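Listed next as structure tokens is one chain, alone, in the form predicted alone.
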Amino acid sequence: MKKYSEILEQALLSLDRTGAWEVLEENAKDHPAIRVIEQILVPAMERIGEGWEQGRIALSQVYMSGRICEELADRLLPAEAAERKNRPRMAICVLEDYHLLGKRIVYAALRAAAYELKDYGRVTADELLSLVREDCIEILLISVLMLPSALQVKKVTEKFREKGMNIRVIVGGAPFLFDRELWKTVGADAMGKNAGDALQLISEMRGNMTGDAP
């Protein structure tokens, strides 16, 4: 399916919704929708994320590609589809920060990959703890832009451990790119550089999860 994934990538970068949908629709005639998403759509999004990291693709293209993919994935695999149900309970947020673009890009990419996740928007550490407990979240993605916000992650992860909450935390944002060891310092389980990284990390975590509820 690599050829179709590359065709989809070009359609997305050209903001060609019709062309992108035709690629997915044609392959869905012969393959399950979830396989089309995982083997055609997700690799295309991962390559687009890598292209932005390498400076070949504009951030606006990454964002719009994610939004288009989110829309098309919903058409291909509606929210009520059984394939969407057997996924970890996830949420994404911006922690005590006002910069939401990074979160929006990752959210769109994950929704496009058939993941269901809560979008908490901008929250404080205390608000996040309450929301995660209420929703029984298993994987939490935290986005920040400023260093003081990144350091607040430590407060969150320490509270999780104090309360025996078995939650995988993935962090992302500028402070973690400047200091590649910062994610360990704040007690996160992993750090993603872009939406493609988030997809890969979640896939790996799913493979390692035992199914224990927080």
Partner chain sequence: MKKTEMTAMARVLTAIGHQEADRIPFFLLLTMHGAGFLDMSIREYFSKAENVARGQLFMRARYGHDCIYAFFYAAIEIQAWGGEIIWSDSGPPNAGEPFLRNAENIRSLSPPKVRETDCLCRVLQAIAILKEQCKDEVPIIGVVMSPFSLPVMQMGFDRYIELIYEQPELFRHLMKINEAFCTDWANAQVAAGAAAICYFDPVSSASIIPPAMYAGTGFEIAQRTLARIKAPTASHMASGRCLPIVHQIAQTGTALVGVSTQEDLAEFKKLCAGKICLFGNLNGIEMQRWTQKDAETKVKEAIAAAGQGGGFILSDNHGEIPWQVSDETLMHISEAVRTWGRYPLIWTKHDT
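Just so you know, these numbers come straight off a predicted model, no measurement behind them. Residue numbers count along the first chain shown, from 1.
The same protein has a further form, the form predicted in complex with its partner chain, not shown here; the description that follows concerns it.
Mapping the unseen interface onto this chain, Gly55 counts among the residues with a heavy atom inside 4.5 Å of its partner chain in the predicted bound form. Using a 4.5 angstroms limit between non-hydrogen atoms, Met205 is distant from its partner chain in the predicted bound form.
When its partner chain is considered in the predicted bound form, His99 lines it closely, a heavy atom lying within 4.5 Å. Taking non-hydrogen atoms only, Gly66 never approaches its partner chain to within 4.5 angstroms in the predicted bound form. Partner contacts here mean any heavy atom within 4.5 Å of its partner chain in the predicted bound form, and among 173 to 181, 160 to 168, 39 to 47, 22 to 30 they occur only in 173 to 181. Of the listed positions (Arg133, Arg122, Arg87, Lys118), a single one reaches within 4.5 angstroms of its partner chain by any non-hydrogen atom in the predicted bound form, namely Arg122. Residues of 1 to 29 that come within 4.5 Å of its partner chain in the predicted bound form, judged by any heavy atom, reduce to Leu15 alone.
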